[in-house]
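Just one chain is shown here, as structure tokens, and it is the form predicted on its own.
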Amino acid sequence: MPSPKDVYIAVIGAGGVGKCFLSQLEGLSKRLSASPRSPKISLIFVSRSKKVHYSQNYTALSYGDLATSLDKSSQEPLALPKIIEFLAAAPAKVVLVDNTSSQDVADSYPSFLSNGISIVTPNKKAFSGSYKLWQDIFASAAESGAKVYHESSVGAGLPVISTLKDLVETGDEVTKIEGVFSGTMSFLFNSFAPTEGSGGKWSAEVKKAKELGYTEPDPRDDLNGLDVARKLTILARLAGLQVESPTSFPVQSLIPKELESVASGDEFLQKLPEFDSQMEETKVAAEKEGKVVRFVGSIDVAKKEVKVGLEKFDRSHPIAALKGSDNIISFYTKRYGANPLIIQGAGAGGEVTAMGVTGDLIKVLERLS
């Protein structure tokens, strides 16, 4: 029989972030097992798109050959209601770690939580989808006592959500949130419109960013601004604004209208040089004012305004001075006055995103044990 301190872990998504997380989970499990006062965590379920490997009698899976076991597994993949049923019947507390960006899994969060299954996830869609889903998730958690944490849904491993929650819950008045929320966009504009030098052509920088793995397979999935809009939706809601969806406020797309419907990302990159003059004009206009252009998101809490798009900044501004693919988020509040509380660092990448997920899991374990 499991002890009251035992916690079972189920993982959906074993790709980029998922692989990094499973490696970190193995290390965490070893560290916890060395301390008699810590909870004992057992991985009992892991799945990716068409494969599943799980322990029908809730015994711990071995980390040693996990990837091979998942690849060779002949177990029938379970539909989401069956996964909920399996986990709800476990003889100890369960935490679901969702490392996917699946809307279907996100839509099932209220059911997981209602069944007492806690959730840790970087999945933005759960918290930036419809406002009703947002309400249902937290209402289900409050009712069952299950926990839900999603630090990595905004800034990978950066403590963005936890900082905002602390500000709000300690009674500070958040007036404005502003920043660069996309590692891809950060890299692009730091290369295209650097604070020193002239930078390259827009299409060449987009191509380079894709080759270096900074963009999605189809760069339009970054350039449409929706990823940033999702993150802004999450933060705006945490700041108390009832934002309906990521499409309910102005979001500037950097995809030329003529290329929105081309068949593939490769065709998009092939034709993008024809439209370099548009972005060049924007860059030159900023330079004439002694400024640089950056792709930012901002939330004016007092005016209840959220927007995503291009803005001009003085070269000395912290947003202008970013390097590489770093993110920067500035919280303007009553307590912090004229000088915002700034969080800056790597906002993308498998290891740092998984770190945010693992950090959230540790918080859940502390609260469950």
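From a predicted model like this one, the values you see are computed outputs, not experimental measurements. Don't overthink the numbering: it's just position in the shown sequence, from 1.
Keep in mind that the form predicted together with a further copy of the same chain is not shown, yet the notes after this line are about it.
Although the partner is absent from this view, D166 contacts a further copy of the same chain in the predicted bound form, with a non-hydrogen atom inside 4.5 angstroms. At the 4.5 Å threshold, heavy atoms of P159 reach a further copy of the same chain in the predicted bound form. Taking the partner from the other structure, a further copy of the same chain in the predicted bound form has a heavy atom within 4.5 Å of a heavy atom of G171. Although the partner is absent from this view, Q344 contacts a further copy of the same chain in the predicted bound form, with a non-hydrogen atom inside 4.5 angstroms. None of 294-302, 257-265, 176-184, 136-144 except one has non-hydrogen atoms within 4.5 angstroms of a further copy of the same chain in the predicted bound form; the exception is 136-144. Checking Y58, Y63, F313, Y336 for any heavy atom within 4.5 Å of a further copy of the same chain in the predicted bound form turns up a single hit: Y336.
Contact here is defined as any heavy atom lying within 4.5 Å of a further copy of the same chain in the predicted bound form, and by that definition each of E351, I362 and E366 is a contact residue. Residues K323, G324, D326 of 300-330 are found to place at least one heavy atom within 4.5 Å of a further copy of the same chain in the predicted bound form.
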